[in-house]
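One chain comes next, on its own, written out as structure tokens in the form predicted on its own.
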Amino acid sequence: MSTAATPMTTGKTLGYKTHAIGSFQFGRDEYFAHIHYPGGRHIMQVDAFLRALMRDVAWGFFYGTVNFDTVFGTVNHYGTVEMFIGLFNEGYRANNRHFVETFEAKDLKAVFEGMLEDWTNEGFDPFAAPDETGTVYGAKKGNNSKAIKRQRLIANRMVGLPGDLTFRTEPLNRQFQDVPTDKPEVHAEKGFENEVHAFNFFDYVCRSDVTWNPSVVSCVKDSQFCATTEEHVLPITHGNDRVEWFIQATDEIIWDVDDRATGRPRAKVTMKAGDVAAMPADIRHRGYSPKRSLLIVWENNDASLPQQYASGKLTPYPVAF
């Protein structure tokens, strides 16, 4: 639900609405998002908040935990979603200041979508790199519905197959102008012409106009090959509920890897082109990409995995050394 536009503390009406669900209420001023909940208020820079909110909506709350920062976030239970304050923060938990409320996923998604529509000004794209978008600060000024209503691209089998995702026609991104765009040659045995397929993976991914948004380029049963271009900072800190495999295809990403439950630092991982890393099921991670880079995320979509890891049936890491 949403309420009418409310004057903020600047002393003037800025034109934004407040948005509420359950015991949570969300408001914004010129610079900050304010999250009110029983027992307190949390504050975030509004651009950082909207970039995180955009991913949470576009990903359908994603696998496991989406931490907007060290205090606020959501946990996906695949049908219901927990929204929390301080659930994975040692200080909040130690002082019993954390707060959690559970919602139907469709209800929370509707509120988040309304907030994105209302709080995103014209020219600001919460899916794009900072150098590719305008400012979200100040009073309400138009909207950017086109940007926030992008659909995540998901191939049923593989990009370019009949009836599946078509090849992108957008121009190559400004930082991928050196990517080869030649088409692969396919030489199929007679009678197998319709069963062999190939496409230029780099050419396809480097035409993406979004950052930190994995698109499924191929899918075999529960094995999903997700490719994404990364620039600046991952807007969320992702808390895993399964093992993820990262393959650095170009350039470099530096990852902060912390304990999923407490946020305590566990590792600093620098991945260069050609590097492969497994992100365990009991960590959270946030990436920094100085130059736009291409990352392949290999996901296992098996719905039984979170319970298998939580119960200890599977270890949180794929290999014991």
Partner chain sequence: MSMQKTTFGSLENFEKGSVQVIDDNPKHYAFSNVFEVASKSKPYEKVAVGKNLKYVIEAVRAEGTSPWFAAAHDEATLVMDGEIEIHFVKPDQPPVPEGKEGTVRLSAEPKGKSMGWVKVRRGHMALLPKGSAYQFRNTGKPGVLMVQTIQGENTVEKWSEICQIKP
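Predicted model only: the values in this text are computed from it and were never measured. Numbering follows the first chain given and starts at 1.
Here the subject shifts to the form predicted in complex with its partner chain, a form of this protein not shown in this document.
- Of the candidate stretches 28-36, 64-72, 49-57, 284-292, only 284-292 has residues whose heavy atoms lie within 4.5 Å of its partner chain in the predicted bound form.
- Remark: residue 272 counts among the residues lining its partner chain in the predicted bound form, judged by a heavy atom distance of 4.5 Å or less.
- None of the heavy atoms of residue 137 is located within 4.5 Å of its partner chain in the predicted bound form.
- Taking the partner from the other structure, its partner chain in the predicted bound form has no heavy atom within 4.5 Å of any heavy atom of residue 170.
- Taking the partner from the other structure, its partner chain in the predicted bound form has a heavy atom within 4.5 Å of a heavy atom of residue 276.
- Taken together, the three residues 90, 117 and 235 lack any non-hydrogen atom within 4.5 angstroms of its partner chain in the predicted bound form.
- For the options 177, 151, 166, 95, the one in contact with its partner chain in the predicted bound form, meaning a heavy atom within 4.5 Å, is 177.
- This chain is displayed alone, yet in the predicted bound form one of 147, 217, 85, 111 has a heavy atom within 4.5 Å of its partner chain; that residue is 217.
- For the partner-free chain shown, nothing in 31-58 comes within 4.5 angstroms of its partner chain in the predicted bound form, judged by any non-hydrogen atom.
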